[in-house]
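First comes one chain, alone, set out as structure tokens in the form predicted on its own.
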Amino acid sequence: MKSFSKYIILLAAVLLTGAASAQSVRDLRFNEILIKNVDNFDDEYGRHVPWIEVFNTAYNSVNMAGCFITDDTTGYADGRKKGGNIPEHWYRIPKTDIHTNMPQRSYLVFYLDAQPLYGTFHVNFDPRTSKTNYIALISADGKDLIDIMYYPKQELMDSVVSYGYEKDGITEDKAVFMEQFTPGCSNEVKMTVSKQERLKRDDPYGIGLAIISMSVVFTALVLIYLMLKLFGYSSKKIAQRNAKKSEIESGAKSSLAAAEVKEDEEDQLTGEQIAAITMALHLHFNSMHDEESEVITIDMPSAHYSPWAQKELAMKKTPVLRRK
């Protein structure tokens, strides 16, 4: 299991290394160069000097700090050998400037004025005095030629035009004289025409515009009519349905109220019934019973005398002792 994990980690490291090398300084390309700069593009000091544009073809940022730019590759072969020295006449791009880190698909301009003390992007050679007709970009270790751009030196020195590729970074195509200067931006310049100008060109008398406008208006009116027709019919049907439903509900409520009234009338007593009940209650509470005085009376007839209630008869006589 541990061996398998090691293989996975090793494979991931190889893939990451390959991806890193696939999008690195090797993706940088020279894109456009201008030698006779009369009033086109000036540097930070306001000077009009030759310049060359570098394009990052990668879809990630690439830092070109430490790489070399030169118009003389003499010593390149010796520098590639083991222990070989990098030629001193090459211009090394400083590593202290954050602007050398190029974002994806971005552009960077170097000034070819042989004044490296002016800043990071001022190289140490001038194509106007150079003996060669090319500019090379070499890797930081001095062993890889990243890109080289050949240009027609005499034609560029005699005319105020730039030289580059019609499509950014596509160095396989032949470089051409550019119709417009595009330092720091895409070479693929597309002329845009406003809608008013295009309409004026295609329809100078406005006939087509009138036809289109009337067609739009009538189409909108037809659509509005159809919508009103459809939704109006639907609204009418809905109103009729609601009215019928309300009528049914009202009828049901009326029938229910009538039934309740009839039931109430059936539950009520007539006058004769009330009189009979009243009379029965009166007789029950007033005529059928004597008033109880809670006194017991005994009526004894005079013809039959009973001495049982006389106390003297209830007592025994005192016995008398007689002497003989």
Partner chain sequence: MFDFFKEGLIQFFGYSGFGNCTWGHIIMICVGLFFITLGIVKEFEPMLLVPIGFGMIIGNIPFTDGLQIGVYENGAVLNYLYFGVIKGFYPPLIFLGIGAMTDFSALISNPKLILVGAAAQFGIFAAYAIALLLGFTPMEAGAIGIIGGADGPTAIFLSSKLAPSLMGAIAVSAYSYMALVPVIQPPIMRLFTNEKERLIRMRPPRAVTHREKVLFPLFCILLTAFLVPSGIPLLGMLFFGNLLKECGVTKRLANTASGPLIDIVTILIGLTVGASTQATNFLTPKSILIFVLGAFSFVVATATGVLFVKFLNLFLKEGNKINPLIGNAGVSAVPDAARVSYVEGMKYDKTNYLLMHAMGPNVAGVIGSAVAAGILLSFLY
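Note that the structure is a prediction, hence the values are computed from the model and not measured. Rigid core: the largest C-alpha set superposing within 1.5 Å between the two forms. Positions refer to the first chain, counted from 1.
Unshown form predicted together with the partner chain; subsequent notes refer to it.
In plain terms, the part of the chain that comes close to the partner chain in the predicted bound form, with a heavy atom within 4.5 Å, is 211 to 219 out of 87 to 95, 129 to 137, 151 to 159, 211 to 219. Within 4.5 Å of some heavy atom of the partner chain in the predicted bound form lies at least one heavy atom of Gln196. The closest non-hydrogen atom of Phe231 lies within 4.5 Å of the partner chain in the predicted bound form. By the criterion of a heavy atom within 4.5 Å, Lys200 is counted among the residues contacting the partner chain in the predicted bound form. At the 4.5 Å threshold, heavy atoms of Gly206 reach the partner chain in the predicted bound form. With the partner removed from view, the residue among Leu223, Ile248, Cys185, Val189 that has a non-hydrogen atom within 4.5 Å of the partner chain in the predicted bound form turns out to be Leu223. Relative to the superposed rigid core, the position of the CA of Asp202 differs between the shown form and the other one by 2 Å or more. Relative to the superposed rigid core, the position of the CA of Ser213 differs between the shown form and the other one by 2 Å or more. When the rigid core is held fixed, the Cα atom of Asn242 travels 2 angstroms or more between the shown form and the other one.
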